[in-house]
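Encoded as structure tokens, the following chain is the form predicted on its own, with no partner shown.
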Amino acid sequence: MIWVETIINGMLLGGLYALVGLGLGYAFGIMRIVNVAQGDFIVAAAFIGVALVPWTPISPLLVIVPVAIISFIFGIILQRLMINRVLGQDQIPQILLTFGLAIVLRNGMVELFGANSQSIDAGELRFMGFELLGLRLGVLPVLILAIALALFTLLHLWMRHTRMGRIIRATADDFEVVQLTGVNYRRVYGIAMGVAMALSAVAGVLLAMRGSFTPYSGADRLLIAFEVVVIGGLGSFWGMFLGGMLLGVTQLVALKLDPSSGLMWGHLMFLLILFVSPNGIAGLMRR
């Protein structure tokens, strides 16, 4: 029974990991942007959440809404004022720009908030649990998985069944062709980056509720996001979700077997998947 509980808890953690990777994978799938600053944006959203929680009524979880809105607006502004200027076939300028943004953002957070570890106070929610078929599960991890599933589903439906979603998909396929229909692809990219930032903000707030973070935690968040996207397969929403699940389960099972292993086995699983299928889980499913 203890192993069943470990696997289920790994799946709960994996849902959060999938959400961490969703913003990065969405931005890359639409605009082919390798956002090196993604991890630092996630941490910045967590700091915004810490600042807004005292002003959030009813439940600390509701702080997700204002943080996501702020991040959506910031993503649009960032794309229109900076990233659109370096779009092109060569990805090096994009990487250098987002790398510079990461450095500026990280040092700005140290200056504003200090280097001490912080977390979002979820109140009693962090310690609440319940019994299910003899298993002890936490309420917060289950809620996080439900939020992750809801966001993946809503994003999938929005991209498939709305006019804006179809425009974004068409722009991702060929931004030059959509201009012939009167679509301003740079504005579309702005909306896409806003959505990516909002998704990353939700992940940042939820991560901060489950654990602590510092202004230097961005590199860890970026690594998780990168592994989830690659394991799942570039451009595959549900592949990323399964990739997050696999990463979470691997890490918790490995920690149960060898508490001193840390996150090593999760990284090894990433390399194994990459070796077996360079296109990740999505590539394996297409075989």
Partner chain sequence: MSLLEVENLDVRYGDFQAVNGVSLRLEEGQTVAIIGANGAGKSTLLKAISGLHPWRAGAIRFDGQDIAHQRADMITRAGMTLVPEGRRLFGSLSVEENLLMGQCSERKGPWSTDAVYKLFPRLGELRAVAGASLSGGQQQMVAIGRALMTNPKVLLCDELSLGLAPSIIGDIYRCFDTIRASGVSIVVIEQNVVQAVAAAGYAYCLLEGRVSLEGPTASLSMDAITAAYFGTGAAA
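Bear in mind that the values here come from a model prediction, so they are computed numbers and not experimental data. Residue numbers count along the first chain shown, from 1.
What comes next is about the form predicted in complex with the partner chain, which does not appear here.
Within 4.5 Å of some heavy atom of the partner chain in the predicted bound form lies at least one heavy atom of R160. By the criterion of a heavy atom within 4.5 Å, R169 is counted among the residues contacting the partner chain in the predicted bound form. Residue contact with the partner chain in the predicted bound form: N116 places no heavy atom within 4.5 Å of it. Looking at R210, you'd find every heavy atom of it more than 4.5 angstroms from the partner chain in the predicted bound form.
Look at 135 to 143, 173 to 181, 148 to 156, 190 to 198: in the predicted bound form, residues with non-hydrogen atoms within 4.5 angstroms of the partner chain sit in 173 to 181.
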